[in-house]
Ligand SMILES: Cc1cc2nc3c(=O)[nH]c(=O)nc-3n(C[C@H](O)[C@H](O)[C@H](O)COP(=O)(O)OP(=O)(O)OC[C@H]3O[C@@H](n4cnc5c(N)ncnc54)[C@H](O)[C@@H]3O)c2cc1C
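The chain that follows stands alone, in the form predicted alone, written as structure tokens.
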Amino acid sequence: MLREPAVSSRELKTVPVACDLAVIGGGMAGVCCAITAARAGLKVALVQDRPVLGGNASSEIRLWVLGATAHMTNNNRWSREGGVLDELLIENLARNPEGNAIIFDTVLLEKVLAEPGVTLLLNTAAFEVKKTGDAIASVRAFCSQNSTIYDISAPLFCDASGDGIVAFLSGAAFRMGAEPEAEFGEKFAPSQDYGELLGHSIYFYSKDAGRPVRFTPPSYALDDVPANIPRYQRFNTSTEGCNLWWIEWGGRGDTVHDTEAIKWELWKVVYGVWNYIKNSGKFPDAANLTLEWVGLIPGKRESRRFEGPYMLRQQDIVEQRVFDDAVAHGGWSIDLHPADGIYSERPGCNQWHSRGVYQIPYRCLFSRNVGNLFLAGRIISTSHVAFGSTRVMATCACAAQAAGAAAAICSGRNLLPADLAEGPRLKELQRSLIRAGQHIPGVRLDDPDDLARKAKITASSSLALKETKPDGPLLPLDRSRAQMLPVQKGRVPAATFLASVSEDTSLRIELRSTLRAGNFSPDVVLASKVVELKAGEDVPVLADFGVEVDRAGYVYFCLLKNERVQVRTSETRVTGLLSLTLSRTQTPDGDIGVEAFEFWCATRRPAGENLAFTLSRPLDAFRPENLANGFARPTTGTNAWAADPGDRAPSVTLSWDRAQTIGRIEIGLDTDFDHPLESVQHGHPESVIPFCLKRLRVRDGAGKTLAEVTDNHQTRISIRLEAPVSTKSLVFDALEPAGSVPPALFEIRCYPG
């Protein structure tokens, strides 16, 4: 029994926590930053003010993780973020293809707990900062569940808290609201009438109870939804969860200090909407529906943005400007919302895309005036307009991985974030990120320690793709369709497609390319012709343009819209090969600093078949030398080795003139970077990406098995041998693909230890 006498006051229990890096905020950004730093050997404290990890992606809010892929609705092919985030999303796919938010909570918690270097403090909110000079010395945080104060000291801090509580308390320069057009020349800068801040959203779920269910609204529910919500006609009984992102409000207020008031207003709206659906009499199919879940806290879009040495701006995104210090990428649209949210008569958002992905510079990831403070998540250094794109969770997470990797380089060397902004240290940072699976557009891995770069790389076979079998469904040309093909510099091969033609007609076909190498917007017409087609089945459509291209890259064989024609597809799936559909054209309303172009989008599996075609010569796009070219996803080519489908024992061999000591091997696989892998709700057609290699064996030159990987579903395989071996060759046996796709690899790297 514990008894204490009455006293005038007491102090809370205080626990000191000393670490190398303190990460404040356990959303997707904080999680990826902490895991990255811990894997590099740092002692990390991860402080999260909620009971679960994930922030807006958690079961408390239930927004899906998304970024550059944008649900496959733009031209950013193979743009899914890599590194730690990719690992998390692939693991979630394997366990949770249905998109259950509770399961995603467990994936995040398990991955963090698996890192012995991470001290995880849940339900713990930072409230005080102590500084020494212009650097943070410690952060105090309170855990409401155990009535304990944690005094967290570290040489380096990363604020990933969303509102930037540590950055704010430390005196870091910040902004809130929208810059006028004159400051950065951003033509999309919003007017006061539109509003300067994005609001919060709350989601809700319903379910069928199997019998009629009554609903009595709480007294605070919004009355008369049609009179108060201009877009009320968009409500129905089938839309759920994140698709109601436009239940948004708060952009006219202080999105930090007014959050509780904003939450109550959103609850008022949600319960009013549900009352309208259940009791207005306009939705008879809602009789058996019950309200299963309503968000307990709002998903917050915008508050403070902190200033780094550079502020990303609209032109950087639209023009895809190149930065020497690029460390991450984005690709979501510039997505601004009217400040009045659900009460606005304007569209719920204003989205404008660039032609491709853009780089995020390292100088956006640390404070310009607090020397040891990294910035991560939605608080990084951007203008309000650029923030409209960088704010989404997958982009936040991959930039935060860069902050974690930078902290690892700084730690132990008495370096500050700014010390890595240029020169050899910056190159070291970029190298460490790409080694860990980060994709930095246009930046090739330059790795002098990689022994595979010195090897002769051969294969038991390589795919020489000359045709895809005409065994798929017919696809109507009710919209223009295209087949992407990776070609080498020189003459483009002719392609023959098969069509079902209902009556004699003329079909326009075009050969297209891109304005910029590495982009996937087919906006350059290299050649065009009209072919005459007779009515019939399996009518050949010859696309022979006689065109030469001056660089390797993807070309697009486009069959333009003709409702008298259906084109034959193929069930053949191949790494780095996609068919596309013209979905829409981005047409800016006036001069707002964005470009007009067409969107040619891929379709999700199980649809999205390639077109059936026969080429005049095979594609030389799957050579084993690709495995050491420094790219681990399709860019200006497949960057992959793929085996011939008839090869019963596909393998790759690395050979050296003299014996090499090898202790660690890194392998990059194809988990279809074009697939968005939304973390919740959306659902996915499979739990393992069919392009992925499930089983792989590594042998030495004498045939001895050094390692065997079984039941793999991840993008990256890291093999650390029990003891380094000395060998003149390594053989990689591709034992079992996940689907009926030719075995493929993106990269192999070998290190002494």
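Residues carry their position along the shown sequence, with the first being 1. These figures come from a predicted structure and were not determined experimentally.
One more form of this protein exists, namely the form predicted together with this ligand; it is left out here, but the text below deals with it.
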Could you spot which one of 276, 203, 267, 557 gets a heavy atom to within 4.5 Å of this ligand in the model of the complex?
-> 203
Heavy atom within 4.5 Å of this ligand in the model of the complex: which of 698, 66, 38, 692?
-> 66
One stretch from 699-707, 24-32, 683-691, 718-726 that, in the model of the complex, holds residues within 4.5 Å of this ligand by heavy atom = 24-32
Is there a non-hydrogen atom of residue 713 within 4.5 angstroms of a non-hydrogen atom of this ligand in the model of the complex?
-> no
Can any non-hydrogen atom of residue 301 be found within 4.5 angstroms of this ligand in the model of the complex?
-> yes
Close approach of residue 527 to this ligand in the model of the complex, 4.5 Å, heavy atom = no
Does the 4.5 Å heavy atom contact test between residue 162 and this ligand in the model of the complex come out positive?
-> yes
Give a yes or no on whether each residue among 187, 190 and 338 has a heavy atom within 4.5 Å of this ligand in the model of the complex.
-> no
In sequence order, the residues of 37-59 that place a heavy atom within 4.5 Å of this ligand in the model of the complex are 47, 48, 49, 50, 54, 55, 56
